[in-house]
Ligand code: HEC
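Take a look at this single chain in structure tokens; it is the form predicted alone.
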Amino acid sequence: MRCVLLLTAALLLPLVASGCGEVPEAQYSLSDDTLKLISEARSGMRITVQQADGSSERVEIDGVENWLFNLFGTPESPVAWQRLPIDYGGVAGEVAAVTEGDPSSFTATFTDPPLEVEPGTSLQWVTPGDDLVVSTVSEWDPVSQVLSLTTELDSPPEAGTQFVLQPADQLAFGRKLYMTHCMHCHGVAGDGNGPTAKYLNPRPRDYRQGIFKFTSLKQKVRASRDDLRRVIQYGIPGTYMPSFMLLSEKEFSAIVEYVRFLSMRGEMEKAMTGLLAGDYSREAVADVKGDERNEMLAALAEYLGGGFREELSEEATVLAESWQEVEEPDAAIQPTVARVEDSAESRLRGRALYLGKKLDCKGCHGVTGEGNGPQTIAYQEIPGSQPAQKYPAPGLYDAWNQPIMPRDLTQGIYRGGRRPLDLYRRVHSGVKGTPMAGFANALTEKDIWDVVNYVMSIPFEGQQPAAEVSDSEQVASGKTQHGTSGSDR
């Protein structure tokens, strides 16, 4: 009981420390890679441009922070960037005809006609590029279907031009739910660094890389709407991620879209930073000074004002297509062979695969499945490190550089779900963002089912057949002929 009370007190500490004053406006945090950029690349810059008439003008050049603000807004006021496949909400409409002599009003048609449109309603124009053009409604006549704006447009819209009324209403609703139920662990930006995150093990998910551990998909990144909903609805057993079974369908949909929004925002930030980090990180230009630095900044300004924008648009297209692909039916792992009968023979075959060199499950999970294989005490190489380096402490790490332990299969607790299909998907494609690899190319579907049958039998004593184990395997599992080793696991 004392441990529970101490943990509760620790979780409440950030709330108590914040006091009872005015709540500060929420802000998205920037990634570590973005913060490593020079200020001009991160926050933008002002340059002097010479005009044709000989005069000069100061011009703002956007950096990563500006672009993130323009394309995604703030937590309090999110932007519906229509390039991304997010259900932002709102009511889709189209210009039928412009009112003659009045470029601020036009006849509108709607797929689902709104019952009422209040003055001050936001209207966002759907443009082919990345420019976000927003107007405000001054009046709506449901009889004539004439929509009037508070200010005139630079040019009258053409018939067929699309727009959205209240373009981010579902996103705003999802954000409200997220801040109530999710922010304290996952953070305002979805960075897994909320006020209680440091007290939790495993750490809450950081959405910004687009990696979600437990999905139904073949590919290594992203998650489908169904995957996200399943985690929110049922939680993740063995972690602090609870079930939110009591939410309504509308609430589930809104939170799922907001999590997707945070993930896509993080991926776009990563893409932007990736375009700039090689030449414009603080480390890259640490020794650049004087005239050479001025030339470097001039090159940066030219790139941010031209090529960067084009490459950013290409990155957005790739990102949008990738998130659309995960919703395709063939993106999900669906066995074409029915589950093999859970028999002693099937378990024996599964155990042989589990212990064999082809899968080498025992390397992480241990011979007896207790999550204490030799890889848990070995020093692992940091992926992508140049020159090659190893983590400072032994054991396994995930894509967020957090230490992790392989699942103790004797407990019968499976974080990705305990259905046979869930375990099939883990063996087929692994656990994303972790050293748990997928074996779809190494095993037949029947082989995978045999492994599933064996793994599901491990928690039940006496259910699995006895087998001879080598001395090295006994040591790796923490067992000797004299019993359990000195470790208490």
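Since the structure is predicted, the reported quantities are computational estimates derived from the model, not experimental observations. Numbering starts at 1 and runs along the sequence shown.
Not pictured, yet referred to below: the form predicted in complex with this ligand.
### Message
Please determine whether each residue of R203, M405 and V431 possesses a non-hydrogen atom within 4.5 angstroms of this ligand in the predicted bound form.
### Response
Checked in the predicted bound form: all three residues contact this ligand.
### Query
Since exactly one of T150, T317, Q145, T239 fits, which has a heavy atom within 4.5 Å of this ligand in the predicted bound form?
Among T150, T317, Q145, T239, a heavy atom within 4.5 Å of this ligand in the predicted bound form occurs only for T239.
### Message
Just to confirm, with a 4.5 Å cut-off on non-hydrogen atoms, which of V117, L228, V285, A331 contacts this ligand in the predicted bound form?
### Response
Going through each option in turn, the one that passes is L228.
### Task
Flag Q375 as yes or no: does it have a non-hydrogen atom within 4.5 angstroms of any non-hydrogen atom of this ligand in the predicted bound form?
Although this ligand is absent here, Q375 would touch it in the predicted bound form, with heavy atoms inside 4.5 Å.
### Query
Do L71 and this ligand share at least one heavy atom pair within 4.5 Å in the predicted bound form?
Flag for L71 set to no.
#### Entry: Close approach of P420 to this ligand in the predicted bound form, 4.5 Å, heavy atom
No, P420 stays farther than 4.5 Å from this ligand in the predicted bound form.
### Query
Counting only non-hydrogen atoms and a 4.5 angstroms cut-off, does K213 reach this ligand in the predicted bound form?
Yes, contact at 4.5 Å.
#### Entry: this ligand in the predicted bound form: contacting segment from 40-48, 27-35, 58-66, 431-439, heavy atom within 4.5 Å
This holds for exactly one stretch, 431-439.
### Message
Using a 4.5 Å heavy atom cutoff, which residues in 180-203 contact this ligand in the predicted bound form? It's fine if the answer is none.
### Response
H181, C182, H184, C185, H186, L200, P202, R203, in sequence order.
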